[in-house]
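In structure tokens, the next block holds one chain alone, the form predicted alone.
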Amino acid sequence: MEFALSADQRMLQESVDRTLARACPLQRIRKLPADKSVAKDVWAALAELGIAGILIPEAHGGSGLTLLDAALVSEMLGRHVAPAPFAATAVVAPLALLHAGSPAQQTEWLPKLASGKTLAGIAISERIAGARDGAGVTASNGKLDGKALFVIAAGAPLCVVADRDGGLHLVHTASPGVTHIPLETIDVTRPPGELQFDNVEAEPLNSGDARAAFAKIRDAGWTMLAADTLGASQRMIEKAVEYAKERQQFGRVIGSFQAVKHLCAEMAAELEPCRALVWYAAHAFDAIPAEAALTAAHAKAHTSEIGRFVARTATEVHGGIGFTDLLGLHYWFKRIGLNRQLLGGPDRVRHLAAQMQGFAA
């Protein structure tokens, strides 16, 4: 059996890599707007490749590809620290519509998402990571009240919101009663936000099994974050190796010192198994549904831990300059840090995985 990527998948990843190298080099990342709005030029470049509709069926204007294909794209986004709302707009929101939306809702929204002209956010963290600071959304008679924290792509005009009782809803964020409050986090490339709801009109996504639909979008979100961390970590290793080959100390490049060699080798050895784990989690989502939730949880939790190790060690290889803005290494460091906490930190996700297996209450 062939476990490698297909030629088409390699071509997809290479195309995204080239596009992002052109559309968002480091100097573009340094110029991200202070108002934390979406980098429209970067998203437009991705939409032109068809990335916005990667999971949306061809009947609705998309490509109808698999979550593994989406994971390969997410890996490249992490590699380039791309300021793009991919996980929310191109993955979780379309899946919410496909698994819980009515035919009318799918017909209305999927073509708009596939075109890349409509962006969508996701407010589902409380259902996964637990409510904090009084957060949580209640639904009653088609209206939403409460607040959602760590909303991914919170500034998008459309948002998929999970309530406390397990329901999913579509909300227009420009509706009366919706307040968007940007959150200050370490990662400037994809800053989450807070959405407050005060008697806000919402469209319920209640076609089919709501619990199963939520599990699908949760698993997809975990897998996309793990893939993003994988790409960012790989790039940090490459940067560390490149620097070790150039930086000289005591008349020799530091890459010739055994201690530095060991640091680089340890990073590569720790990260490489994550690639298989992430790819398998994405493959299981479509091909082995019975294993999807558990493998997605393991991919998210384990890659978060290894990503932190790589980020710390790669910075250590660079020495003091690794902490400065000169090389921009901190963009990858901080991206990995935010990925670790979005949709649940490793401890929380492992606890959920234990519950799935009956090992915890």
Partner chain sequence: MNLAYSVEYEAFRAEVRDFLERYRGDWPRGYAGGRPNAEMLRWQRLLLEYGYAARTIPQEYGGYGAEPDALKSRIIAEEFTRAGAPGGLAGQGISMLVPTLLEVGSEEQKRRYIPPTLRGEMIWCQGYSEPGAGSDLANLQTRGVEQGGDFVINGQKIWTSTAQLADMMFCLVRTESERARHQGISYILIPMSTPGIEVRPLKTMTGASEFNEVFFTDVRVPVENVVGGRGAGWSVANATLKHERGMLGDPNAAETRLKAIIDLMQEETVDGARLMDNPVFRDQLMRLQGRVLAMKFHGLRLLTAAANGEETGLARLIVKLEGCELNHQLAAFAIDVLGELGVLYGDSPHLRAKGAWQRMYMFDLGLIIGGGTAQIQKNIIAERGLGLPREPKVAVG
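Residue numbers count along the first chain shown, from 1. For clarity, every value in this text was computed on a predicted model and none was experimentally measured.
What follows is about the form predicted in complex with the partner chain, which we do not show.
- Taken together, the three residues A269, Y280 and H283 all come within 4.5 Å of the partner chain in the predicted bound form, as judged by their closest heavy atom.
- Annotated contact segment (heavy atom within 4.5 Å of the partner chain in the predicted bound form): 249-257, selected among 145-153, 167-175, 125-133, 249-257.
- At least one heavy atom of L294 is located within 4.5 Å of the partner chain in the predicted bound form.
- Not displayed here, the partner chain is kept clear of A290 by more than 4.5 Å at the level of heavy atoms in the predicted bound form.
- Heavy atoms of A23 never reach within 4.5 Å of the partner chain in the predicted bound form, leaving it off the interface.
- In the predicted bound form, no heavy atom of R211 sits within 4.5 Å of the partner chain.
- Checking H318, H60, H302, K334 against the partner chain in the predicted bound form, a heavy atom within 4.5 Å turns up for just one residue: H302.
- The partner is absent here; in the predicted bound form, the one residue of L329, A47, L68, L32 having a heavy atom within 4.5 Å of the partner chain is L68.
- Within 4.5 angstroms of the partner chain in the predicted bound form, the stretch 337-361 places a non-hydrogen atom from each of D347, R350, H351, A353, A354, Q357, F359, A360, taken in sequence order.
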